[in-house]
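Below you will find one chain, with nothing else, as structure tokens; this is the form predicted on its own, and questions on how it binds or moves follow later.
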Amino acid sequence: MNRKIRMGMVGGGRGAFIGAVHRMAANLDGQIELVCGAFSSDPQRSKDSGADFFLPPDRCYPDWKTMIEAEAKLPEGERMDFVAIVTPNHVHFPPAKYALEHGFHVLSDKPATFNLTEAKALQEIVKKSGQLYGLTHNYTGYPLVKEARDLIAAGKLGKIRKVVVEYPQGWLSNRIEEGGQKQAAWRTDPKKSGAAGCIGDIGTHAENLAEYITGLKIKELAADITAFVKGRKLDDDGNVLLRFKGGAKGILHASQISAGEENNLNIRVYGELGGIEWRQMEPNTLIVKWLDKPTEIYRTGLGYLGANAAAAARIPAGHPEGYLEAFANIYRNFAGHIRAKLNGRKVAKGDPVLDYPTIADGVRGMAFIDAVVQSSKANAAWTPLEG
């Protein structure tokens, strides 16, 4: 097979922030082309959005169900290969389920579903369908995140003892959802966002990053979440103590009312022999600290990095790579896995095309949200994380 992987999109029409990010990420490596979409719950808006992307009118659908059914009827050489779902949380599960059942792979924005029940059901559907499912926990796409993971997996830091992961933002310090800010409106609405606000939106990124880098699973947690802004229905701040399988302990802090903060996701991991520190706002630098020798500074794109970090970089050292490139790494690997399936190539463990978040990560994220909410309601009682 010698062609681009064909993508359909659900959501992401005019005025949608994350839809544009997905399209840029998908397009970056020239492996994927957008061929169709149901870009809005408003049929006319969907049609107009498709015109913005230079799609033929007959591939701009009024809703996702119509799109999936129509695409399934097209010849194999024309129809989409996978669906990118970029809607608010409550519209993740239905189109994902329908697409998988109609023979299409799915790449979804996070969290995977509206609640844990849906996530578990989707996991079974993915397994039964034989289709691929990916999730855009895009921060795992950074080269130096992969280097940190590989250092820990190789035992360079010794047994892991302590994990500190933080994701502070300040954009919801005021009740901007009341002023028509679209992103704020749905993210603070329990009918669209789910059981959690800040914890579901960015806390799951912190949880996923901690588990990805360390290779450890959270066993139980004690959480205290708060809605500081008067009248807000969902949490805008959360503080969580973590216990990992294997004995490591951790702290997770996520906040959207940390005034003056932008997207300051950062992580520190400490083992018996040393530690690492990485910050999303300075993603091309990894600080590696040692118990008995000087601190080292690793930089993206340099020859001393491992194979996984090297594969995730595109340009020479000193030319910054950031959010879009990391996001694109998820798309590139997912497309590579689809291509392997289309070509009948068996993918061995460790193949770079397998390095993207899956439905298992989606279930973990929803279980994390559930455990945090339950714990906070029980006055920060220690609560097990399912799975």
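Everything numeric in this text was worked out from a predicted model, so none of it was measured. Quick note: we count residues from 1 along the sequence shown, nothing fancier.
Omitted from view is the form predicted together with another copy of the chain, to which the following refers.
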| query | finding |
| --- | --- |
| One stretch from 206-214, 73-81, 297-305, 125-133 that, in the predicted complex, holds residues within 4.5 Å of another copy of the chain by heavy atom | 297-305 |
| Another copy of the chain: the contacting residue among G238, P143, G200, P95 in the predicted complex [heavy atom, 4.5 Å] | G238 |
| Contacting member of K192, K156, R279, K182, with respect to another copy of the chain in the predicted complex [4.5 Å, heavy atom] | R279 |
| Touches another copy of the chain in the predicted complex: A311 (any heavy atom, 4.5 Å) | no |
| D29, heavy atom within 4.5 angstroms of another copy of the chain in the predicted complex | yes |
| V164, heavy atom within 4.5 angstroms of another copy of the chain in the predicted complex | yes |
| 4.5 angstroms heavy atom contact with another copy of the chain in the predicted complex for S258 | yes |
| Stretch 290-324: residues contacting another copy of the chain in the predicted complex, 4.5 Å heavy atom cut-off | W290, L291, D292, K293, P294, T295, E296, I297, Y298, R299, L302, Y304, R314, I315, P316, A317, G318, H319, P320, G322, Y323, L324 |
